[in-house]
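The data below hold one chain only, encoded as structure tokens and taken in the form predicted on its own.
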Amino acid sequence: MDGRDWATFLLPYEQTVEELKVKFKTMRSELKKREEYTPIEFVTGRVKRLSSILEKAKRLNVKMEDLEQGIEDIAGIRIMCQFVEDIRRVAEYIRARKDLEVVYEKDYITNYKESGYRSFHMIIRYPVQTALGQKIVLAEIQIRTLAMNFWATIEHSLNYKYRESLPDEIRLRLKTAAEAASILDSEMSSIREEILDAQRTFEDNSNTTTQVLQAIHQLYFYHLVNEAIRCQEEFNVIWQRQDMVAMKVLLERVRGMISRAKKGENTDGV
């Protein structure tokens, strides 16, 4: 091992991971607001541990002076999706970005590994602005479903324990589990529309409930205390019945009270 300052060496990678996490989380929020559905479930990231970097460099015969180009996943981002179909869509979004360059892709979903590993990998070049100027950093983006991620996390832990030499029995059971995870993904894809419809309904009901409570709170701001108390009591009854039609009617009525209050009208008896 050379005598470089490893903490300093890893700084651009740490910055890359933090910036990319923010960007993909922002993409998720924007897509949710624009389309009411986002193919991104959640985003994580990590900088490879120094011990793992050195072990991989030894395994791949990468010289210490060539680490920046020879080890492509020192900075790593994982994007989790609900459905296999979403993975392709996320990859398209990444390809279209102007703030990074896709170097190459590895499709381990169509061509999954012998172990059963499934994921979609994209190696990118990312320009990070350091205190000393711009630096181009290689990073790996892994896009996978929740089921794929669960399996890969377990396999990684077992490989670490057994130093890449898994016992045959565990290897076979992992492969069987990978096939089960793939079947699960296929089943979820087959009822995708029903799942999305249920999620949209839940989201809509949740938003309506929040809006009603916020609107009732506003009544106090306009000194409509009696009206606020009555509306809160009505809300409690509706909430117990889970009657979302009545909840939306209540929302419009409370908004009407607020609107008239803003105009200085008398809302008594409404």
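Just count from 1 along the sequence shown to find any residue number. Computed from a prediction, not measured in an experiment: that's the story for all the values here.
Same protein, other form: the form predicted in complex with a small molecule, not shown, and the subject of what follows.
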item	value
Contact flag, Arg46 vs the small molecule in the predicted complex, heavy atom cut 4.5 Å	yes
Contact test in the predicted complex: Thr209 vs the small molecule, heavy atoms, 4.5 Å	no
Any non-hydrogen atom of Arg163 within 4.5 angstroms of the small molecule in the predicted complex	no
Contact of Asp73 with the small molecule in the predicted complex (heavy atom, 4.5 Å)	yes
Candidate stretches 91-99, 178-186, 73-81, 130-138 - the one whose heavy atoms come within 4.5 Å of the small molecule in the predicted complex	73-81
Site check Lys25, Ser29 and Lys32: each within 4.5 Å of the small molecule in the predicted complex by heavy atom	no
Listed residue that, although the small molecule is not shown, lies within 4.5 Å of it in the predicted complex (heavy atoms), from Gln218, Gln232, Asn205, Ser52	Ser52
In the predicted complex, the one of Arg59, His223, Arg241, Lys63 near the small molecule [non-hydrogen atom within 4.5 angstroms]	Arg59
